Ligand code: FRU
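Only one chain is shown below, in structure tokens, and it's the form predicted on its own.
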Amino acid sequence: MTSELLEKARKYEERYGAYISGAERPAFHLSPRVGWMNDPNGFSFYKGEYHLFYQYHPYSTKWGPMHWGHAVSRDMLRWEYLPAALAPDEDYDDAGCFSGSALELPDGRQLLMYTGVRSHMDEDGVRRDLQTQCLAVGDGLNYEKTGANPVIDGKDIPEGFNVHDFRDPKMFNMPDGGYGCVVGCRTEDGSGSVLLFESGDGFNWRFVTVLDRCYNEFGRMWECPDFFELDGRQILAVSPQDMSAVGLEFHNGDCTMFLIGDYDRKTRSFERRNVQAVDYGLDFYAPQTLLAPDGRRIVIGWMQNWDTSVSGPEDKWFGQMTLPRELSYRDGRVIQNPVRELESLHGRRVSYSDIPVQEELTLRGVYGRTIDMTVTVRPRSECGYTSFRMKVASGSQHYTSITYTPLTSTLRVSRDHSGTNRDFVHVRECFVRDRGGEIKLRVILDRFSAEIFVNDGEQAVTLTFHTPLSADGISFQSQGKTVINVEKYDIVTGA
């Protein structure tokens, strides 16, 4: 039965979402039907379609009482909106339905688990949020919250752990049957951890262990955990708050990490071996993965950053998701590349080989704001070159730049000329593997964003911008002599 609050949200989004034209949105990245979007939720494959829910405030382009928006797709690129799935309409979630996940039950129903947030007054008279884990069951369109909610609460976590920062459950099928679930929780020392719960039926859960914890080494609260096997390694993904930079590996603020290690299923123990940033750009947070029917592990993230989540008074929507990315493990790193389905949207192709570059250069047919372009750069002489710069979304006053410096093996992205008047971070750098001055950059533009995949996915760099769409130029320039190969496809969605 649909509650009054949920029905209100559904009527609102149906009415006002119709006023947002396709040209005002990204062409192949999911944005909210109307209003505000943040974390991806319930990323899953169900009844022959990919489902993606998202943190949602339909009534404004600012963060507000969280609902769950809902969309489906057959290729993860062309999305169809469905009515909002959840609203904060119960006592245990009256302050918001926070992030969570989805899986299919043996009887064919879809199970959602989310963090219910209840506002309450503590013994000191301070109003605080109490966070518990709750369930809803449905058919892919309508969902009913269970009468047993909340199913995981403060009595289920270790002593000293904080029920005010206890959120973002990610469920998964266990190989030996039953279900697992990881949840982020703040510990007694004020930093983050990931707790593991298990269930035989998806409805009755028990605490098993603390999988890993921060000890204030990597940020503080660990949000939006995920836990999965990838090519023989076990990956624990987390999104730390208040992260401090470690050289160029992590940026300050809200970050994302892959904790790479080994997992003993008998003892339920995770041993961390390595730590890797997930994305090295300006706008990426709270990723969530699914296991596709063909065995691919696919990740999607919120293409935004909390410190830059500023919408204007005329905005009709705010927030978008990244491209879904296929994950693999190679040479000690998690590799990310756009889902292969993107190739089905390739339109007109333009290619160039062995083009010398020094002064700023444009190439006929190489332009656009919805494109998939691969540029391979290599030195043209034994003397090498000192830098190579590519400008995209470029016009008379605006551009976003991508610069590679081979001497230091660093890649730098900058949107400080993209047209924003906001005083926040516009530049990010990362180290890339030294390949003797050669670098391969796959750049995917979708109107208001760029996603850059370096050297076949060894690094991913994501950023958003709001440059006027008339700025669609692309140019190349190097200090010293380089040679480039370029292959560019227009992206055609039919929208």
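Note that residue numbering follows the sequence shown and begins at 1. In this text, all values refer to a predicted model and were calculated from it rather than measured experimentally.
Omitted here: the form predicted in complex with this ligand. The next part is about that form.
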Checklist entry - Taking M303, R447 and T464 as a possible spot, do all three reach this ligand in the model of the complex with a heavy atom inside 4.5 Å? => result no
Item to check | Stretch from 62 to 70, 22 to 30, 464 to 472, 428 to 436 whose residues place a heavy atom within 4.5 Å of this ligand in the model of the complex | outcome: 62 to 70
Item to check | Contacting member of V194, C224, L323, A84, with respect to this ligand in the model of the complex [4.5 Å, heavy atom] | outcome: C224
Checklist outcome for this item: As a check of understanding, the residue in A286, L211, M171, M390 with any heavy atom within 4.5 Å of this ligand in the model of the complex should be identified as A286
Item to check | 4.5 Å heavy atom contact, Q459 to this ligand in the model of the complex | outcome: no
Checklist entry - Does E451 reach this ligand in the model of the complex, with heavy atoms at most 4.5 Å apart? => result no
Next on the checklist: Using a 4.5 angstroms cut-off on non-hydrogen atoms, would S99 count as touching this ligand in the model of the complex?
Outcome noted: yes
Next on the checklist: Is it the case that N38, even though its partner is missing from this view, gets within 4.5 Å of this ligand in the model of the complex, heavy atoms only?
Outcome noted: yes
